[in-house]
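Shown next as structure tokens: one chain only, the form predicted on its own.
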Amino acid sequence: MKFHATILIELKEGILDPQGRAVEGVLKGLGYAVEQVRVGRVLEMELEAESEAQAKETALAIAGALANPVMEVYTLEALKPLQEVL
């Protein structure tokens, strides 16, 4: 069975986010009232797994391998059977 997973990797609270600050500056320059913009990475992937539990375990293992545990945290934002996504 195929699953679609969405994983968010972002900097931990307290870690300086220069890219987020740059985006915040641009948005404020455009007149938007925004504060504390944080920039992260979103991973969208299709996984082959026998069950939803196995797909979740695999997605979290991949996120753990791609995130820097010193500076970043990750969350599994969504996991759905692929036919529900299409």
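All figures in this text were calculated on a predicted structure; none of them were measured in a lab. A residue's number is simply how far along the shown sequence it sits, counting from 1.
Not on display, but discussed next: the form predicted together with a further copy of the same chain.
Looking at a further copy of the same chain in the predicted bound form, residues 16, 50 and 70 place no heavy atom within 4.5 Å of it.
At a distance threshold of 4.5 angstroms between non-hydrogen atoms, residue 56 is out of contact with a further copy of the same chain in the predicted bound form. Taking a further copy of the same chain as positioned in the predicted bound form, the residues of 20 to 54 that bring a heavy atom within 4.5 Å of it are, in sequence order, 23, 27, 30, 32, 33, 34, 35, 36, 37, 38, 39, 40, 41, 42, 43, 44, 45, 46, 47, 48.
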